[in-house]
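Next come structure tokens for two forms of one protein chain, structure 1 first, structure 2 second.
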Structure 1
Amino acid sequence: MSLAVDERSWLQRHRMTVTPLLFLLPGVLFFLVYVINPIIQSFNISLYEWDGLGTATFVGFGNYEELIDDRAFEISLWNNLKWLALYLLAIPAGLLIALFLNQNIIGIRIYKSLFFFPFVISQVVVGLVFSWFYLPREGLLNAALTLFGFDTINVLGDPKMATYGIIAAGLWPQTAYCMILYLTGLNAVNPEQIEAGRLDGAKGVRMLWYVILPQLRPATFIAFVVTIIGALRSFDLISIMTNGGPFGSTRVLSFYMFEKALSEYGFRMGYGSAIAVVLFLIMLVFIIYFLWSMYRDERAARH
């Protein structure tokens, strides 16, 4: 009797381990070099005083201590909170438009695409479009206000209004995105449950709340994820519309970080990185929550 000898090559025998590794290698390598490692490096740089060229001096948590007394940092942080809170309005607004458009009339598909249109344009163009919309003399907003007998307003020139003006511009494409998520969700709502709801006497808002919204939960989850990420990533609109002004009143962390590290205000890489770390930690709370939700779904899908 002889033992059965596995005559296949080592590669053949281990192909179920080797194949995925080889397939993963290029993608993972790219991602480690350009995403994962830079995150770690940023944490490290935030402990130094560095102009990006000369030698870096270790300052420990010095940069973070400086942040505490930095008035501009405080304003940025507050503005980030405003962005976060107000940006979430895109979700109910998107749902409202989706409900409005979820009909079968002639040409409805074209209407839906045109409503979605703002999302496809770059934020740079959205920013330009809205800064012209707000112009004190030439802008359409003030033309309308004058028409209805109101005083004109200089939205982007007024420190009290400017941030809200920019957020409104951001809500335009974001609402379009949420709308398309809900339109897709509404398309898949189970008609039998609606019928059952109708038989039970539910209609209008009650139907929406008890029958439709629970079925739209996956769409709502994605809408939350993209809206929160979008709010914390806001940079393009601020850079285009006000460049942080007037008097620094529209800065957010992402913009302030860029200003500190890469603009005429000085090349303080360490201080900029410290701001970036704070922004990252805020984002991390949400990232962990998102990953946890996805992990739950993964587990549920397996059993």
Structure 2
Amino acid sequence: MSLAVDERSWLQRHRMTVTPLLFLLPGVLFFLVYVINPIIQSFNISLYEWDGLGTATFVGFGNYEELIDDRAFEISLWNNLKWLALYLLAIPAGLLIALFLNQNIIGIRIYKSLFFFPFVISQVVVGLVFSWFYLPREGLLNAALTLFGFDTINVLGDPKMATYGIIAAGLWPQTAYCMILYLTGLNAVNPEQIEAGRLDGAKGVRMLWYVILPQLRPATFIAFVVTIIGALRSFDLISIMTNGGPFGSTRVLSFYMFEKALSEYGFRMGYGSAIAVVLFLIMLVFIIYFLWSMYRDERAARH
């Protein structure tokens, strides 16, 4: 009887700690099983030469050594860097659109719906729409170029232009996502600070830089995280629009990993896992930086 009383009193004393842990437990278990466990398995498989069915042969870091001299891997890595650099344009573009939509003008709800539309449609649909847009003869892009007296271009058929054409397609929905983040942040901007800025003579760019943007730091932080992760794991648009072509010029690491591990001419699970590990390590650098930034900001806020 005394044991029951002691146990009940312990739960009562620690209920503020135990209750959140019980709510977090299912999510943590799913995270361990479906995220951490596959990451560990990928590291393990990358040390073997395996076709997914037969006996795996241990090769150590042989797959990683092969990556060093793999021209297709080098192209994929450079394309990922291009995605990273150009995809970040979605953040200032989303901010500018959000500032425009945060006004009380006639028809603003229609404008919001039009800018919000790319975010709710599938990436597959986006890829198909831009594939039609880039068509050499029937596409809207070349129709507009012809109208203004320019020569037609084959965006997806040119190895030098195809990657940039796909990135432009990806920027359309990504800009809409950043816009939504900034619209939410603008609704939380303190009007008293804006009024104080006006009294101090701040307006236009100075008002934006010194008063509004500091209050949008949380939205900017999330926009950076989501945009960088989206750029690194880009796959669906490439698969739909070019399937890695022409001549493999639009491959990125995630698509090359799929080609090597799972495509018709692949089934090199160990080599594909090595590519996946490299991609994960690149993403890990950014994840650690973002987590450190969050921790630093929270410490600064507490002190």
Partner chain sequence: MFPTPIEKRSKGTQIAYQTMVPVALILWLLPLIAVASFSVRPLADFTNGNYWGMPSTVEFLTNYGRVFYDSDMPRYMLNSVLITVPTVIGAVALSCMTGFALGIYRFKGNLLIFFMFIAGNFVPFQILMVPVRDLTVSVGLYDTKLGLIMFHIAFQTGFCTLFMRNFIRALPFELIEAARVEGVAEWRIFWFVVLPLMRPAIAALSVLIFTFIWNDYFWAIVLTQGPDAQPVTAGITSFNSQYVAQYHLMSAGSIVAAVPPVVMFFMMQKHFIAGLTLGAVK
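Numbers given to residues start at 1 and step along the sequence of structure 1. For clarity, a rigid core is taken as the largest C-alpha set superposing within 1.5 Å between two forms. Predicted, not measured: the structure shown is a model, and the values here were computed from it.
Structure 1 derives from the form predicted together with the partner chain, whereas structure 2 comes from the other one. After superposing the rigid core, the C-alpha of Phe247 moves by less than 2 Å between structures 1 and 2. When the rigid core is held fixed, the Cα atom of Pro26 travels 2 angstroms or more between structures 1 and 2. Taking 2 Å as the criterion, Phe290 counts as shifted between structures 1 and 2: its C-alpha moves by at least this amount when the rigid core is aligned. Look at Ile106: with the core superposed, its C-alpha moves 3.6 Å between structures 1 and 2.
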